[in-house]
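One chain is shown next in structure tokens, namely the form predicted on its own.
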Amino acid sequence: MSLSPNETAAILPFAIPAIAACLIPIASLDRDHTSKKWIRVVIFCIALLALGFSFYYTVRLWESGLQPAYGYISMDRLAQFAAFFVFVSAAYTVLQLWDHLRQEDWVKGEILALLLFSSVGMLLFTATSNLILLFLALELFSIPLYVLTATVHARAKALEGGMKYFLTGAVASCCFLMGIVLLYGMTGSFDIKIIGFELAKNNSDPLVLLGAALLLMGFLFKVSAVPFHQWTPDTYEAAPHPIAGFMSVATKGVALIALIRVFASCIAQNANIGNRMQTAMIVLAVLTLVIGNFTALAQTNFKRMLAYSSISHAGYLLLGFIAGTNEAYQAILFYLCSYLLMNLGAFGVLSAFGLIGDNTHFRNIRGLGWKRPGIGIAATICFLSLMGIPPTAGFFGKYLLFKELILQGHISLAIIGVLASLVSVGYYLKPIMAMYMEPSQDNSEPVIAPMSGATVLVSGVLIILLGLLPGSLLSGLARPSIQEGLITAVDTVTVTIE
């Protein structure tokens, strides 16, 4: 079977990382001591080249205006945005893994292979309109993450965290699949656009509502929204630092991007179901903000604090779905980009300071801001952005979300969001105070980690640039992704069906 140029263009962003993921274990077969360093260089170069070439190819697609498709896989504007998001997150993680694996003194080529396979699954998750492919993509990016969480077998917490993630993830996947079954049984299709067309006929059967609720549950688990958040702190603490950062950003991001596609194309087409889902999201968003922020205040472990911080940011992002406008979806995409920079920068601080294993408490970073001033300043910018302090990208992301809430009449939710941001100042100041206002317990020089340090520095610079020039990202990427990718596709399919 030969593929047309359009079909080849649609699957090439998936194929390149997948081929690289197959090559990396082969390249790392030789474990001879004399060649160990070269093997490490080769497998990291393969991973970075694959991500870089896929990113470049997606940029070319974006610039050309092409939105190629292959069956139920469509590299439309929204999928292309997701590709940028996933490839940048994975590249950040690979660079931080270079230092982290060296600090742990072990070389594991399969880690990079699993990371690339997970990235392929994430991209497929955002690029398909078929619920069966959506489920397969969910498993493709989830199963490697279960393994990556439990990678460091020498640590008891690694196996515990991996098992908790696997068991809770299996339950969420079962709910997701049951929701698909119910929606298929009531509409006769796995295509979310056709399902949306059927739901628009005012199909108010309780089984349809149950199917939509179960489907939403699967998304909320990946987003780490309350009450589906229990796995998050233990999993992040157990996983290697760069992998925890990747899960906190990429998993949440692709789940929300896919939910935008499903919510706008399918669930929201039925006013009754859409209103009930919106009511449920209001309750869950408020609970997520309250529980995430107040629990983070009590943490003394750096990674557990970031885990509950990640939960609270899921609450902010859910507020965009409550507003439900095109501008709100654009604000979600902008917020995700700023969240990528500030959260991967925050997790990168651990590897940049050479903190490995269980040395992830606030006491372990005391005084390190003075020893590594560049990293300390960049890390401070990341935490200020997570708080939402101007002129950072985090501030503008929250501003866009709160603005849309107010315009849609949800003033009380906007006030709750602002109050939650004020609460977050209490725990985001802890690492800043530890770095600068508490004496160091170790007089030795911190470990040099150039790659991780570079990612933190780049994050700090980009956070300020996005905060000062938000229109470049908003009008250049976020707005076309919604207007040309999501909305146009929905309208086109609806007309075709009619």
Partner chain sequence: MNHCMSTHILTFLVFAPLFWGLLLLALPNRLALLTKYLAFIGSLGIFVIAALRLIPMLDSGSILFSERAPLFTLLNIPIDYHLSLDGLNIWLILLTTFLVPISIAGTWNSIKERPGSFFALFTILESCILGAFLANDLFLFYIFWEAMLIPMYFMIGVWGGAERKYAANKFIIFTLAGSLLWLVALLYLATQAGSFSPEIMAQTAMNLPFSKQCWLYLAFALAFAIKIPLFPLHTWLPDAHTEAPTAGSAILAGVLLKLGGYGFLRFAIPILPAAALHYAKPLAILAVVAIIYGALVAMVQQDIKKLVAYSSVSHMGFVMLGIASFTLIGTQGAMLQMLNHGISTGALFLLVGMVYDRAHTRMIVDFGGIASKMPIFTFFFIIVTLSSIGLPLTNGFIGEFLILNGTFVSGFTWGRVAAIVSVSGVLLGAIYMLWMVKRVFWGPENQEPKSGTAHLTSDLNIREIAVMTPLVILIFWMGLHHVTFTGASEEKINRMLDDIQAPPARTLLLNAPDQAQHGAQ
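These numbers were taken from a predicted model, which means no experiment stands behind them. Numbering follows the first chain given and starts at 1.
What comes next is about the form predicted together with the partner chain, which does not appear here.
Using a 4.5 angstroms heavy atom cutoff to the partner chain in the predicted complex, all of Q330, L400 and I411 count as contacting. Residues placing heavy atoms within 4.5 Å of the partner chain in the predicted complex fall in a single listed stretch, namely 420-428, out of 208-216, 275-283, 420-428, 122-130. With the partner removed from view, the residue among F81, F395, F176, Y146 that has a non-hydrogen atom within 4.5 Å of the partner chain in the predicted complex turns out to be F395.
In summary, among the residues E404, E198, E237, D99, the only one with a non-hydrogen atom within 4.5 Å of the partner chain in the predicted complex is E404. Mapping the unseen interface onto this chain, V447 falls outside it, with no heavy atom inside 4.5 Å of the partner chain in the predicted complex.
Of the heavy atoms in I389, some are within 4.5 Å of the partner chain in the predicted complex. The partner chain in the predicted complex comes within 4.5 Å of a heavy atom belonging to G471.
Among residues of the shown chain, M433 is one whose heavy atoms approach the partner chain to within 4.5 Å in the predicted complex.
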